[in-house]
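We give C-alpha cells for two forms of one protein chain below, kept apart as structure 1 and structure 2.
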Structure 1
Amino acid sequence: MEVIRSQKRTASNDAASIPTLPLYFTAPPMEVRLEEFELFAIDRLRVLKGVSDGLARGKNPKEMDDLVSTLWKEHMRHSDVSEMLNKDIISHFVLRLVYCRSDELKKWFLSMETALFRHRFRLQNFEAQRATVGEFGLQYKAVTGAELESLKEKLGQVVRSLGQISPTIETIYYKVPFEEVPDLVAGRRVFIQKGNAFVAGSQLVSLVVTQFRSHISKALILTNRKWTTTIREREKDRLTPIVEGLSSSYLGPDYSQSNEYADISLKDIDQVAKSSFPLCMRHLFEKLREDHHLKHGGRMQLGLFLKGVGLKLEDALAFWRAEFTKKVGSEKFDKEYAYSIRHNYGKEGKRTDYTPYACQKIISSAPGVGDHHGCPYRHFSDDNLRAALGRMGLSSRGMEDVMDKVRNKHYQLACTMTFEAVYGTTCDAGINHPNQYFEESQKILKPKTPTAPV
C-alpha cells in the first residue's frame, strides 16, 4: 500500500474475488491520499471505540450484533461497494501502524478488531460465512451419514446441556481437532472424542474468530518490527506524526497517572476506603484488614487500584508490610511480597508500569477458593451481596434496584446504581473503572475550586 499526495486513487484489483468480509492478510496494492489516510483511520477508530463501550456496558451478543451494524453504517458506509471495501482495508492497516507500538495498544486493538470481526461475521448469511471459513484454509471435515448417526445421542446431550429442551441436532457438523476451537472446548459447548471436537454449523463463529485473532496478533508483531526499524524514521515528516497523534486522542483514561484528586496518605486510607472505594475494592480492603493477607488475585486488583488512586510506592510498601507482617515475618514479607509490589510500580523485571484493572477485566476474572477479588455484583451470592450493600448504606428500595440489575447480569450498571444511591446523585457516564468510581466520589466529597484549564 503506497501513500501519496493528492493523486487519484486506483481501485483495488479484483474486487469480485474478495469476500465481503476482508481478512486483512495482505495490504493490497493501492494508492491512498494522505488526507484519507487519517480520515479513514479516525472513522474506523470511532467504530472500535463504540465496540469497546458496548462491551464495557455488558451488552449481550445479539445487542453487540446490532451495535456493530449501526456503527458500521454510521462511519464506514459508502454507496460504492468497492469504495467501502477500500476504506475498510485501508483503515485497518493504518490502525495497525498506530496500535502496534506497545503491548497495551496491541492488546486493545486486537480485542476490538476481533470483537468487530466476530459480530460482522455473525451478521453474514450462512453461505457468506462458509466462504469466509474457507478463506482461512481451515482443515475441517463435514460429518455425515453413519458417523453422524452414531454420535446423535451425545450431540443431543450437548445441545440440551446448553439450554435447549429438545435434543435436535443440526444437520451439519464439522470434525475439527479440539485445539482449533479452544473457546468451545473451554465452555463445554462441543462434544469431543479422541481429540476431535464436533462443531455445529452455527458454532463456526468460534472457529474463525480464533483464527482471525491469531493472525492479527502475529501481524501486529511484524508491523511493530517494520515500524521501529524503517517506517517511523522514513516517515518522520509525513505519516509518523499522524500515527502518533491517532492513538492518544481516542482511548479513555487508563488511570496510570493519578491526578490532583488522588493523593491519599496512609493515615487517611481507612477513612477514604469507607467513603470512596467501590464495593470490589472495599471488600478486598476489609478482608486485608481482617485476615492480614490477600491471595495473588486480590493483591493485584487492590494494589493496582491503590496505585491509580495515588498511593506512592514507599507508602504502598509500608501499607502492605504493616498488614502482612501481622501474619508472616518481616523477612518473609521482604522475600515474597515486596518484590511484586515493586513490580507493579514498574521497578522490577521488565519495568512495565502496570495499569489498574478496568471493570471489564475484573468482571471476567475467576476468583477461586480463598480469593476475594473479582466483581461482587457478579461473584457474590445474593445474600452476601445484599449484606455488603447494606453496609454501604443502601436502603432496601435502593438495594432492590441494584439486585434487579444484577439478575440481568448488568454488573456495571449495578455498581453505577450503587454509586448513585450512596452519593445521592446521577452518574450518566456509567461506571466502567474502579478508579473512575473513586475519582467521581472524591469530586463530590471534596469539591475543589475549578482550576484554570492547562
Structure 2
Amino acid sequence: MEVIRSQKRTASNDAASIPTLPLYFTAPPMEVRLEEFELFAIDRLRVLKGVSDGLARGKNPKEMDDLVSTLWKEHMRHSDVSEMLNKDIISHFVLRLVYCRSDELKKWFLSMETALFRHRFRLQNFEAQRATVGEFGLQYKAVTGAELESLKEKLGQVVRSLGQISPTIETIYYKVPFEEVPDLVAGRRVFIQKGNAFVAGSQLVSLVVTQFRSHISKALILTNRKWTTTIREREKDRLTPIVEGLSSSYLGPDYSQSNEYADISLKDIDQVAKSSFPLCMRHLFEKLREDHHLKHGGRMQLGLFLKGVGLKLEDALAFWRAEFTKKVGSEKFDKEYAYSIRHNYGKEGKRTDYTPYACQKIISSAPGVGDHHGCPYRHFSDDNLRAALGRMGLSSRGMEDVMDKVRNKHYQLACTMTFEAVYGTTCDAGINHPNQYFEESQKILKPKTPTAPV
C-alpha cells in the first residue's frame, strides 16, 4: 500500500519533522481494496461510537482524553506508523461518504469527528500542537514585549477566575479574532480587548477545533453533491450497498445462536419476559398476549429476538400458534404465518440463519399506525414512555435521567441507563442489542453455577 504523508497546506522547514494530525484536506490518491474500504470504516466507526457514548455519559475532558486514547489503541493502532496513518485517512474519507447523505447523519459525524480531533489534539505535546496549527496555515503571532506586559493583570484575572491551582499566567499568548474561539468566549475563559481574544498556549485546541469543524462541515456538503450526482449511481453494484449499510451497521457479537445464558422454554417465557426482556421486546410480548396478533414488523422483531434467546423452532411455532389462533384460527395460521416462522429459523426459502435485530436497526425503523415494533425510547410519547419505565420499577430520579437522554436523542444510552437502574449495576459497554440486554440480565439473575470439585 502506498504511504500517505501528512497532508500539509503550509509548513515551515523547522516543523517538517514534527508529526501532526491528519486534517483530511484531500482524499488519498490511492487504490484501496474493497475489504479494507469497509473494515477500516468499521474500526473508525467503533471509535466514533465510543466517543459518542462517552460524551453522552458526561465524561469530563480528562476522562475523554483517556477514553479516546484507549479507543484509538484498540481499533486504529498499527505497528507500522505509515500504515496507521493510511488507515486513519482512508477510514475518515469512507465515513465522510457514508455520513454525507442526510442532515441527521452529517450532524452526528461532524460532532463526533470534531470531538475525536479535539481529544487527539489535546493528547499531543505542545510542539506537535503548534505544528498542527501551522498545518491550517493560521498566521497567529505570539503576544510579546510591552503588549504582553500591559495585559498581565487582565490575563491574571482570567486565570484566577478559572480557579486554577497555580494562578499564574502562561508565557505564550496568541491574539486572534474573538469569533474564532467561540467556546472560550462562551465559557468566559479568555480575555477580550478590541475584538481580539488573547489565547493561552494551553488553549490552542480551541483555535484549531473551530477551523477543523468548519472545514469538515463544508467538505460534507461537497461530498454529498458528488454522492448524489455521480458516485451513488456509478457505484450502485459495488460501493453503494456498503456505504448505505454502514451508518446503521451493528458492530457487536452475533446473536443468531443462543448461548449458555440464552435458552428459554415455553413454560418460563412469561416470567423471563418480565424479568429480562428489554423494553422494546417486553412491549411487543405484552401486546401479543393482549391482542393475540402482531403486524409483520412486530413479528419479525420479536420472533428473531426469541430465536436468539434460545426458543426452539417447535416451541416458537407452538407459542405463536397459541396466540394467533385465538384470533385468526388454526387454518389461517398454518397458511399465512407458520411459513415465515420456519423461514426465520432457516428452514424455508434460502435456508438463511437470520440474525436478531440490533438496536440501530430497531431505532431506525418507522412503525406506522397499529404497529408495536421499533424503539420505545424513540417512538413512544413522553407519557407512554414514563408509564412503561414506571412498570419496570424505575424511581422518579432514574426516570428523569433516562428521559433526559431521550430528549437528547441518546436512545441506546437511555436503554443502558434503564438496565442499570433495574439491575442496580453498571454497564460500561452500553446496550447495543436487545439480546445483549437479555444476556447481561441473565448473567445477573442466573449466574453460572460453578463446577463442583472432583
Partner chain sequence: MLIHKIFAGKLFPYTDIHKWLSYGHDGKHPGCDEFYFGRREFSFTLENDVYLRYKSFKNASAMEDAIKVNFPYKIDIGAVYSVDPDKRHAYAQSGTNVFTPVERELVFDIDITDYDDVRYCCSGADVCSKCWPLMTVAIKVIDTSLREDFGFKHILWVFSGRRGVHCWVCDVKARRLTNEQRSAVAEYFRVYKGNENNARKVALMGHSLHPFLARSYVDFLKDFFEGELQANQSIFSSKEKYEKILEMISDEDIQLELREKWENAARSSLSEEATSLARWEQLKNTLYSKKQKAPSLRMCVEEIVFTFTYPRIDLEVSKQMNHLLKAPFCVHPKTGRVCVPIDPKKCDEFDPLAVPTLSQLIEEINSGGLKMDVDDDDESERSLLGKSVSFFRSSFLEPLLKSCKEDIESSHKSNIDKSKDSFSW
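For the two forms, the rigid core is made up of the largest set of C-alpha atoms that agree within 1.5 Å on superposition. It should be emphasised that the depicted structure is a prediction, and the values quoted were computed from it without experimental measurement. Structure 1's sequence is the ruler for residue numbers, which start at 1.
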### Message
If I had to pick the form predicted in complex with the partner chain out of these two, would it be 1 or 2?
### Response
1
### Query
Once you line up the core, how about Pro241: does its CA shift reach 2 Å between structures 1 and 2?
no
### Query
After a core superposition, would you say Gln203 shifts its C-alpha by at least 2 Å between structures 1 and 2?
no
### Query
Once the two forms are fit on the core, has Gly156 moved its CA by at least 2 Å between structures 1 and 2?
no
### Task
Would you mind giving the Cα movement of Ala421 between structures 1 and 2 in Å, after fitting on the rigid core?
6.9
### Message
I need the CA movement of Gly329 between structures 1 and 2 once the rigid core is aligned, reported in Å.
### Response
51.6
